[in-house]
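Read the single chain below, which is given as structure tokens and is the form predicted on its own.
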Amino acid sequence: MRALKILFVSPEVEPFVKVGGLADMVGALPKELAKLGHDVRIVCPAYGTVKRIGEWHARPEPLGVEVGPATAWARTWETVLPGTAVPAYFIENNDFFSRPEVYTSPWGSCEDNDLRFAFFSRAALTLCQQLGWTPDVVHGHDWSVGLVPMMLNTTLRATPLGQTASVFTIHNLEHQGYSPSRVVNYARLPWSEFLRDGLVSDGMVNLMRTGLYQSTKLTTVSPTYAGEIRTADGGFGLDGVLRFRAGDLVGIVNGIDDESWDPARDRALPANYSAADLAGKAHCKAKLQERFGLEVNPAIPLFGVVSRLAAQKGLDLLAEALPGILDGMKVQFVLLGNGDSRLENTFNWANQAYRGSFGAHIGFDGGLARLIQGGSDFFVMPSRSEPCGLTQMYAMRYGTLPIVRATGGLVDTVENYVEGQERGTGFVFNDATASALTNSIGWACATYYDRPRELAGLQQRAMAVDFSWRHSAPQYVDLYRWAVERRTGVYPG
């Protein structure tokens, strides 16, 4: 079959700019697609905080972007994804992207997310025309680029880009990009399309909803999440749209970059190890205990948390359960994260009240996150909602057994332990309650102390699971081909 030309249009891409797991996907999937022989390119805004890794070159010609009352101008920087030949283009415009934030709060001083990302969406497609490179598929990511499919379907329909299919990935349906209706005129899009599909409500445009209606094909980041978002409880008001588009919606589990996340080669770890030789993991555990001021004791089970501190992540459940766990079980906990100020205060309090058993670092530190993955015995993710999740996959690769709630991608990646059988890669609980979390942690603790051979089997099975993009990338290629066939009437064989 012939190689495809695929353009990723994304607000984030690892390692240049990252807010969440979206960046990890956009930084990893194109590498695997390129290995399969496809021509893959990435476009992202050049924010003020973007990391200029490797060699960057400014394209000599300015980019004229047809938005608003007159042509706006941008400069395009070109580099490659590290370790690959995959081109990455960054759109520079000081009016929109010189500030450090990736996403500005709609209640903040810069209420222009709609204009910023409308400009970026149009610029990404204009760049293709300037390059003389027409992709078979544009792959957009989340609400910020929800206007891209409509641009392809309307104002660009009579151009070579009019034959380009669109694939739109939902990373987190909770964030939808409500924007003033001014964005329609600014993006030079026809009002008739927005009125026909009911995309304008009370003077506001929902950018996520626009992408869901207008894209050729839809994906989300796990099969279970694809089902959850089609329900009233999980659809955040868009479940009707997603049921309408259900035939075009596919759930594909995210992969991980298993070259970067490899305990045998990870330079952030004080000692490396593998499933065949776990001695280095014991050394990592001792260093982690030391780092957080805990008793350095290999016999005590150590539970790790790396997370945004938010109710969606279930960290309020952990805060409620923590005193009973630490008072009633011989365990240790370490936590890294920031977010909700009340949760930050709670975990800072626990840091003082349970000194020697609990340690918290409020903030984020990439090296410390890897040490927690490598040095912990268990990894706690009590999420109320988790579209896919990556940290549970990192944990399993590092021999750290996940304790997760049965939701989204956590269900699709963690197999529940069955006592007395050679099954399971972690511990799964159902109810989003502090008591259910406590019981699951108690189950893990009992397994650690009472069934060490079964625990070792769990660890070996977890480390053996292949979560690389080698499994998911071919599924995306199939979807791209279906999208091209739907768009053009010809299967790209």
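The numbering used is simple: start at 1 and walk along the sequence shown. Keep in mind the model is a prediction, meaning the values are calculated, not measured.
If you look for the form predicted together with a small molecule, you will not find it shown, but the lines that follow are about it.
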{"property": "Proximity to the small molecule in the model of the complex, single hit among Val414, Val137, Val306, Ala226 (heavy atom within 4.5 Å)", "result": "Val306"}
{"property": "Contact residue in the model of the complex, from Gly177, Gly375, Gly399, Gly389 (heavy atom within 4.5 Å of the small molecule)", "result": "Gly389"}
{"property": "In the model of the complex, segment of 276 to 284, 74 to 82, 358 to 366, 184 to 192 with a heavy atom within 4.5 Å of the small molecule", "result": "358 to 366"}
{"property": "Residue contact check: Pro474 to the small molecule in the model of the complex, 4.5 Å heavy atom", "result": "no"}
{"property": "Gln214 within 4.5 Å of the small molecule in the model of the complex, heavy atoms", "result": "no"}
{"property": "Leu336: touches the small molecule in the model of the complex, heavy atom cutoff 4.5 angstroms", "result": "yes"}
{"property": "The small molecule contact at Gly21 in the model of the complex, heavy atom, 4.5 Å", "result": "yes"}
